[in-house]
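Taking the form predicted on its own, here's one chain by itself in structure tokens.
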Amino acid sequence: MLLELDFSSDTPIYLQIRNQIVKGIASGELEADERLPTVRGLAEQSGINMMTVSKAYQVLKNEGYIKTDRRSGAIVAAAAADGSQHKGLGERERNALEVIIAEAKIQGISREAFLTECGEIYDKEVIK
């Protein structure tokens, strides 16, 4: 698994890892029960601290995207991969989306243009 980390970004590295794994699950690049790299392996491959990877995996586990086991390591949760886990956006996601919508509105982007862009991104980034 190759991650593209931007060390100059305002987004913390652990969230960049989390976000890329979520995108990988959504796009089908990462499948149900697929084993993720070990914390140590991903840290060495990416040139980052093991605690950073561990934090990303803990967030993913708490959100239900992965399962962890001492023997098998981290694997993609089946419910996350097939979409049966979530029935809608959670509070965190709704709050983040509200901020994005507010920013678009302040910039003068119309509702129609916003929805069109959302559809284009959804088709390009998530469905593949």
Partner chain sequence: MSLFFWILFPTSIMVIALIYYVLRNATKPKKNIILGVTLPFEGRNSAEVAELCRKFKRWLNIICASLVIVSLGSLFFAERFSLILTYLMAVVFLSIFLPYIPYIKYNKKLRALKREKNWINPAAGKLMVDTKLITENNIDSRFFGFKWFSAPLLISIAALIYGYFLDLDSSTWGVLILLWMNLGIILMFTALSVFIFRQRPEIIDRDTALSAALTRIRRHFWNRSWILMTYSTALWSVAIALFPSQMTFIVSTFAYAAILLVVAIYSEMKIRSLQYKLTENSGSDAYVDEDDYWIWGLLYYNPNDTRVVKNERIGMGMTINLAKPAGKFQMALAALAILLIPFTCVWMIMEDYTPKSVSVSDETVIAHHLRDEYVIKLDDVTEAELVETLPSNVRVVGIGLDNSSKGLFNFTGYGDAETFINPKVPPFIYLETAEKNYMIGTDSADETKEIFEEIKVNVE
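Residue numbers count along the first chain shown, from 1. Being a predicted model, the structure only gives us computed values, none of them experimental.
Missing here is the form predicted together with the partner chain; even so, the following discussion is about that form.
The partner chain in the model of the complex is not approached by Gln58, whose heavy atoms all lie more than 4.5 angstroms from it. Taking the partner from the other structure, the partner chain in the model of the complex has no heavy atom within 4.5 Å of any heavy atom of Ala77. Interface membership of Ser54, defined by any non-hydrogen atom within 4.5 Å of the partner chain in the model of the complex, is ruled out.
The partner chain in the model of the complex comes within 4.5 Å of no heavy atom belonging to Tyr122. For the partner-free chain shown, nothing in 91-122 comes within 4.5 angstroms of the partner chain in the model of the complex, judged by any non-hydrogen atom.
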